[in-house]
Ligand code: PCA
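In the block that follows, a single chain appears as structure tokens, in the form predicted on its own.
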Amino acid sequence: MLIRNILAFVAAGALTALAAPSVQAQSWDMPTAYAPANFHTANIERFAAGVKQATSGKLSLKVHSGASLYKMPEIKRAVQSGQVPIGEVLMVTLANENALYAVDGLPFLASSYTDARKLWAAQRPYIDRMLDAQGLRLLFAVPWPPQGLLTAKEVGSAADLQGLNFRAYDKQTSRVGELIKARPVTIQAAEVAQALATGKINSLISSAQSGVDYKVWESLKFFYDVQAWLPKNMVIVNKAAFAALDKGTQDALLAEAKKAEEAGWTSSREVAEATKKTLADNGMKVLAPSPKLVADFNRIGKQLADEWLAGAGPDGKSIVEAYQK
């Protein structure tokens, strides 16, 4: 009887050990605000597939695109509060929380991929520190293609934008709208196509990629390649959720995040040109801005940078100085 009990105990322990990996397997919901065909979403889907493979299924990410789970302004709070373990956020939309999130949205501060890389290297330590203090961890960040001006009418200067209904999505785009004497209208990404179709907005600064997502050619006719700025989306994870993973899974997640950042920057460059062609193929005029429009936007960019530095404090100044070295 004693031997039989011992054998039963050993067998039960073996079964428990075999079952442990399946018990530990986790599935994380991951919200993002962008369409399934958007290159950011495609990059995240590849990231999710890589995580699942690298962890042998111990961690899987279920991507909820198109703001289907949370709207953009809700995602950071949802991750911070533990409602979801991971999510993607457009960094500049957090400007009201801290100005340092918005440095990559300053017009003409960094308007090329090379400059955007330099700016991110200067900005990242501060973002890491802020997120860490809030129980969050940055996994990776990927820029949008350079932002262009999309309008329903031909534009030769900032004066031509006066009175237009201008889409805003954060503090700085609202301010751009004010400075060009347009009417800023706050519209989240998932609602832009409808806002264009109903005439709620008839101008915006956005990437050609977003223009394709929104099918802007159904409402607008011009894309001016002003290359205003390259804002970044960041993927963040709840620190407690990350800490609950075993070391091997943590390492795999971080390794896949590093791959996703590099792949995302590469994809961004590729779609920058491809999506401008798509706009042109659908009847839009894709044009270089006039010298007058460039001069007007440079003036506006200088004013916005001065305002941003005044509110960003010593850390903001340090970021800009490190970037400009």
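As the structure is a prediction and not an experimental result, all values here were calculated from the model. For every residue, the number given is its place in the sequence shown, counted from 1.
One more form of this protein exists, namely the form predicted in complex with pyroglutamic acid; it is left out here, but the text below deals with it.
- Three-residue candidate spot Gln26, Trp28 and Thr55; no residue lies within 4.5 angstroms of pyroglutamic acid in the predicted complex by any non-hydrogen atom.
- Of the residues given (Phe223, Phe166, Tyr169, Phe140), Tyr169 alone sits with a heavy atom within 4.5 Å of pyroglutamic acid in the predicted complex.
- Checked against pyroglutamic acid in the predicted complex, the residues Asn238, Gln147, Thr151, Thr249 give one hit for a heavy atom within 4.5 Å, which is Gln147.
- Across the options 110-118, 177-185, 199-207, 250-258, residues that bring heavy atoms within 4.5 Å of pyroglutamic acid in the predicted complex belong to 199-207.
- Pro231 belongs to the set of residues with a heavy atom inside 4.5 Å of pyroglutamic acid in the predicted complex.
- Residue contact with pyroglutamic acid in the predicted complex: Tyr214 places a heavy atom within 4.5 Å of it.
- By the criterion of a heavy atom within 4.5 Å, Val89 is excluded from the residues contacting pyroglutamic acid in the predicted complex.
- A residue is said to contact a partner when one of its heavy atoms sits within 4.5 Å of a partner heavy atom; Ala195 fails this definition for pyroglutamic acid in the predicted complex, lying far away.
- The single residue of 31-59 lying near pyroglutamic acid in the predicted complex is Tyr34, the criterion being any heavy atom within 4.5 Å.
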